[in-house]
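The chain below stands alone and is given in structure tokens; this is the form predicted alone.
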């Protein structure tokens, strides 16, 4: 086996607009659902908000210099929809376009390819007031937004991601309510699942119409779901539903125009009333690549006597860590998020995708990273566990590539410690430490190791 990644392999790091930009009320930016949600008492740890975040809006030149030192060839960032269209309608905010033009131009000047994610969860609040992703009208709004971005930035952006983790958008936002907009309605989640799939396809066509040579993909969060009770038919069925809900829904949609049959049967009228005639054709939008965000595997089993019910009121499709715990043999190997560390899962997952969806041309790991309780001592952050996580997952990925998995890039999550959604600033995923009082950036041990790996183009 070769000890090197392919010569044309893309090395990158990633962020998201609401998590790092700050400047929430600057230069005409409209309110997003995360502005509203984070300022709702009890929704975010410590009442934290993204009002300032990492102040990337004013410090992006410093962050680009950090990436230049890291040696990445690409940077994945997201555009804040309400910076460009404060109310999600046709009314533009040119100062928002100017900001992203400055950011993109600075990246190009630094020799770093800008990779844009159009939607990383900060929906304009005005669109949510009309129903958000549960309202089919959002599909046309997203198509128009994608068109405007392609027209404005397509001369310098060659790689686009339409939506980041539509599963989280749909299920964390509209079913269990732990993410914005905080709704708790299974019907809304099913509708959002369909509308995000339609929106991806519509945006793909819109970008290609403006930029025929553009490379367009979708980023999904996936894991391998392990059934630890294979003789319990209810658990077998539950595991299958979760796999379809998390791993298959969006990929099946854009490759075949159809959803997994077990979910079609499960959702029943909830789905049939939002799927319209002709949608099967509208869903199909063959991607140029599939982006995968991977953090850990998932596990299901028969409930133990001391467990809370794994299923309340029927099927509850929350596949990551579905029973709220981890396998006994992994309980001492958890991140600060309580997620099991399963590096072998990354290699297994990309091989599964290549086998099950051979029409997907290639895969990019658009996020992979870990949260630990970092401590800065004498100006340094010795994040040993995050460094080990990074190396182990890259070794797993390297092995899968050697076995034929068509993986062409890896983006470490995240460049910076940042606003970690419902966890606020309590959890740190960055390879660069951020002091949230002074905004000082300090590269961690994991940053230095990743820099070495990139320079050597090998995971050692």
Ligand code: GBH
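Numbering follows the first chain given and starts at 1. Please read these numbers as outputs of a predicted model, since none were measured by experiment.
What follows is about the form predicted in complex with the ligand, which we do not show.
| field | Heavy atom within 4.5 Å of the ligand in the predicted complex - residue from 283, 216, 239, 296 | value | If I apply the 4.5 Å criterion carefully, the residue I get is 296.
| Here the chain is shown alone; which of 48, 35, 420, 55 has a heavy atom within 4.5 Å of the ligand in the predicted complex? | Result of the distance check: 420.
| Interface stretch in the predicted complex with the ligand - options 136-144, 205-213, 82-90, 118-126, non-hydrogen atom within 4.5 Å | Comparing against the ligand in the predicted complex, the contact stretch is 118-126.
| residue 168 within 4.5 Å of the ligand in the predicted complex, heavy atoms | Taking the distances in the predicted complex, the answer for residue 168 is yes, it comes within 4.5 Å of the ligand.
| query | If you check in the predicted complex, is residue 339 within 4.5 Å of the ligand, heavy atoms only? | reply | Judged by the heavy-atom cut-off of 4.5 Å, residue 339 is in contact with the ligand in the predicted complex.
| field | Interface membership of residue 164, the ligand in the predicted complex, 4.5 Å heavy atom rule | value | It does: once the ligand is placed as it appears in the predicted complex, residue 164 has a heavy atom within 4.5 Å of it.
| With the cut-off set at 4.5 Å between non-hydrogen atoms, does residue 221 touch the ligand in the predicted complex? | Taking the distances in the predicted complex, the answer for residue 221 is yes, it comes within 4.5 Å of the ligand.
| query | Which of the residues spanning 422-436 lie within 4.5 Å of the ligand in the predicted complex, based on heavy atoms? | reply | Read in sequence order, the lone residue that approaches the ligand (within 4.5 Å, in the predicted complex) is 429.
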